[in-house]
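One chain comes next, on its own, written out as structure tokens in the form predicted on its own.
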């Protein structure tokens, strides 16, 4: 089990659930000082990252990259893989492909969350689902060329109506031709959608490739009401060895949130 902490490089997303907001140098310094293993990056685009500078920071602070998010494509450009306009879908796919190349070069997966989009209005679920499946098959195989998985995140009902539960997501992913897409299990979304988060993790099983370590209120674990012990037990039984990444609000401030998250990580991973 490895720990990670989030850093946003997208000012337009200010107020979102990311711990550090003051650049990669600051995030790496803080993460290393608190004992984290890795950072998870939310960039505006792949081109915004100076790879050489990032690698120097990672080496200096003995960190790795846990994952890189693609949500900047939605926040800044409203790109989704299920948009009714095929030109928008194509732009979304290329935006994600570039993030996959960036992340893959660092040995990390890319995350598809908000860019999955939703079906609504004149757009029915069936074509939206077909477009999403086609995109994941294409992008999953592209990620495989870097020998990393592609992460797909079921979100809560207020953020998407594509997939909300881990079990439904896993069943659908198993129908795809690509076998290189894994589930990002976000404990905040699961608190809303799953009757039993531990059972949901077991149902998804080996398809779980990344965990967002957040409490029920999207603050650091220990500051809400999610029962973490059964979740820790489920991860142990599953043999999960990936990251627990704190995608949480920086409350009461970034440093305090990061300290609480790493303390919770250490407390609960002693059970694993």
Ligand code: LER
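Positions refer to the first chain, counted from 1. From a predicted model like this one, the values you see are computed outputs, not experimental measurements.
The discussion below concerns the form predicted together with the ligand, not included here.
Interface membership of residue 159, defined by any non-hydrogen atom within 4.5 Å of the ligand in the model of the complex, is confirmed. Looking at residue 61, you'd find every heavy atom of it more than 4.5 angstroms from the ligand in the model of the complex. For residue 155, a non-hydrogen atom is located within 4.5 Å of the ligand in the model of the complex, even though that partner is not displayed. Although the partner is absent here, residue 218 sits close enough that one of its heavy atoms falls within 4.5 Å of the ligand in the model of the complex. Stretch 181-189 is the answer when you ask which of 129-137, 197-205, 143-151, 181-189 has residues with heavy atoms within 4.5 Å of the ligand in the model of the complex.
Contact annotation for 17-36: a single residue, 17, has a non-hydrogen atom within 4.5 angstroms of the ligand in the model of the complex.
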